[in-house]
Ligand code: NAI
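Next up: just one chain, as structure tokens, the form predicted alone.
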């Protein structure tokens, strides 16, 4: 099958080509560096399938443009699908498939990395030592052992993160509208308000839905303990960035670790080191010494990228051949 792959980086091409050859899929992959937008959709003319990533735009206008050009399959190389207008896809008869799981350990471990780096300020210490500054002033951390960690969302990633923190000797509280029987063995489910009030560290692992949009806002920040550490490796729009900036300014939020950002599509996955960043809100975040931001790299391990490539192409093959496992997502069904 001819597949137009958008938002291509060198690692995307390498791992997709390897999976295509290794598993004998036989797809014709054409790689495009630009993001999929209404202005770049014409690049996919004549391709029955497009392969998109998290910051590609798959709203109604883009889907209609793709459909008019002959595209019938949208293969997401991601678990999230909030950037796709599934109602329009259904209306057009287009199939949307995704990668439901790749390496939940990758994201959970990255969340831990943010916690540890913020607490012990290793990113600041690294820069100091390289400059010959061995002072410990300003680097004081705290023992994680015995602290209370709040986990919002106990799917696969949230469960792994909770197990890690429990292994470090933390008390783990969790909130999820659909509690996991497995999680109840090592976490205590509480209300959101109870979690916000008690947790020393809060880590977000829930999907982005209309109900969770700006889950962290002025009201919820006000419910948190002074000096709380907030971690988000899930979706940027779970957090109202302006609200957390206010929380940082008044010391309610003592540490902030982000691997995602609500306006990241114009920033992440590209080198902007020689340009002026025009996002004033993001630039304000960068001025705080207790904020650590990574560019949506939580998923980025060899194991995860291999799994993403293999599942993406297996979805395309199953669609083309009419049999096999295909992880379809529609407005009323997720697989």
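Positions refer to the first chain, counted from 1. Treat the numbers as computed from the prediction; the structure is a model and nothing was measured.
This protein has a second form, the form predicted together with the named molecule, left out of what is shown; the following refers to that one.
Trainee: Would 152, 233 and 298 all count as contacting the named molecule in the predicted bound form, using a 4.5 Å heavy atom cut-off?
Mentor: Affirmative, all three are within 4.5 Å.
Trainee: Is there a heavy atom of residue 207 no more than 4.5 Å from a heavy atom of the named molecule in the predicted bound form?
Mentor: It does: once the named molecule is placed as it appears in the predicted bound form, residue 207 has a heavy atom within 4.5 Å of it.
Trainee: When the contact criterion is heavy atoms within 4.5 Å, does residue 131 count as touching the named molecule in the predicted bound form?
Mentor: Answer no; every heavy atom of residue 131 is more than 4.5 Å from the named molecule in the predicted bound form.
Trainee: Can you tell me whether residue 219 touches the named molecule? I mean in the predicted bound form, with a 4.5 angstroms heavy atom cut-off.
Mentor: Judged by the heavy-atom cut-off of 4.5 Å, residue 219 is well away from the named molecule in the predicted bound form.
Trainee: Would you classify residue 212 as touching the named molecule in the predicted bound form, given a 4.5 Å non-hydrogen atom cut-off?
Mentor: Looking in the predicted bound form, residue contacts with the named molecule include residue 212, since a heavy atom lies within 4.5 Å.
Trainee: Report the stretch among 177-185, 137-145, 162-170, 243-251 that approaches the named molecule in the predicted bound form to within 4.5 Å, counting heavy atoms only.
Mentor: Among the candidates, contact is made by 177-185.
Trainee: Can you pick the one in 156, 225, 120, 124 that has a heavy atom within 4.5 Å of the named molecule in the predicted bound form?
Mentor: Result of the distance check: 156.
Trainee: Can you pick out, from 107, 97, 202, 239, the residue that has a heavy atom within 4.5 Å of the named molecule in the predicted bound form?
Mentor: Exactly one listed residue reaches within 4.5 Å, namely 107.
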